[in-house]
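Only one chain is shown below, in structure tokens, and it's the form predicted on its own.
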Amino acid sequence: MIAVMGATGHTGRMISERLLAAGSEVRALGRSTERLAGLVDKGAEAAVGEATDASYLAGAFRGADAVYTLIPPSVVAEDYPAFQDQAGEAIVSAIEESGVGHVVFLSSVGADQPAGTGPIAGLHRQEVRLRSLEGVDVLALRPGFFFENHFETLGLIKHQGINGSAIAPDTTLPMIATRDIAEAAAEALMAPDFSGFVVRELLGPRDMTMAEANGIIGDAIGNPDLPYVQFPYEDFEAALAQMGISASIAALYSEMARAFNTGMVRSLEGRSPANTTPTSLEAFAAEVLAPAYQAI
């Protein structure tokens, strides 16, 4: 049995589907019975509850050979670092109480830094908690910038004819499809090849600037001259607030963009065949982003 947190999210759903396809027993964790129904139809066992509830998590982890854990995102949390810590502490408590022996944790490139990286700093704090566990083997996956983050600006492109964020156009980042993260996580859950606390970076097919990524997206949607605009940090935060994102999250996203721009968030391993993943942004943009853009 493998327990998967966030089973209706970007990585969790694909991990669950990959495990089920391989014949593994899956306990899918999530907040909504309705959203978990598709996985249940494919053979998963549903466990419905909140990621900050240690008792719920302990019950969902109990009897599992391995668990996939993450700190859930929230765009409305009034104090997101406090929410991250509450969820992180609940997860660690549940791991200890349930007796599970293998844990895969979704972290991030930049989680080596204790502060100044926006929401990534919360992942650093969770890595510290997980390192303290005795008798538990933990794999912390540190992926780069998700291709899926580009969904957030499709509306801006559609309605204003520009793309942009607080990240500078010449800032270079490792970018990755969550399907490749899910594949790596599923393999590690089915055949744990890690002992103690292990960090493994996942860096996508190549590093690229935001300007390069913007050009790929523009080509995919039929707008090869799509402009990319770097927004001032204050304007970026204000725009996020207008979208209904809490002030706490907006400030953290702005801080994270600054950390990207200054090179504070970076790979420590350096690129290698082991941390390079196959899905290209060109393929992802054509297969996923372009249809989403057309549907707006």
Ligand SMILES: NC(=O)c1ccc[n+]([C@@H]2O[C@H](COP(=O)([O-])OP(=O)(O)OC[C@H]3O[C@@H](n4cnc5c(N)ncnc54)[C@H](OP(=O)(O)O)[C@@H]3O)[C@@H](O)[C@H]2O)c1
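The shown structure was predicted, so the numbers you read here are calculated from the model rather than taken from an experiment. Counting begins at 1, following the sequence as shown.
Unshown form predicted together with this ligand; subsequent notes refer to it.
This chain is drawn without this ligand; in the predicted bound form, the residue among 155, 73, 224, 114 with a heavy atom within 4.5 Å of it is 73. In plain terms, the part of the chain that comes close to this ligand in the predicted bound form, with a heavy atom within 4.5 Å, is 65-73 out of 244-252, 65-73, 37-45, 231-239.
When contacts are judged by a 4.5 Å heavy atom cut-off, residue 269 does not count as touching this ligand in the predicted bound form. Residue 88 falls outside the set of residues with a heavy atom inside 4.5 Å of this ligand in the predicted bound form. Contact annotation: residue 51 falls within 4.5 Å of this ligand in the predicted bound form, judged by heavy atom distances.
When this ligand is considered in the predicted bound form, residue 108 lines it closely, a heavy atom lying within 4.5 Å. Along 1-18, a non-hydrogen atom within 4.5 Å of this ligand in the predicted bound form is carried by 6, 8, 9, 10, 11, 12, in order along the sequence.
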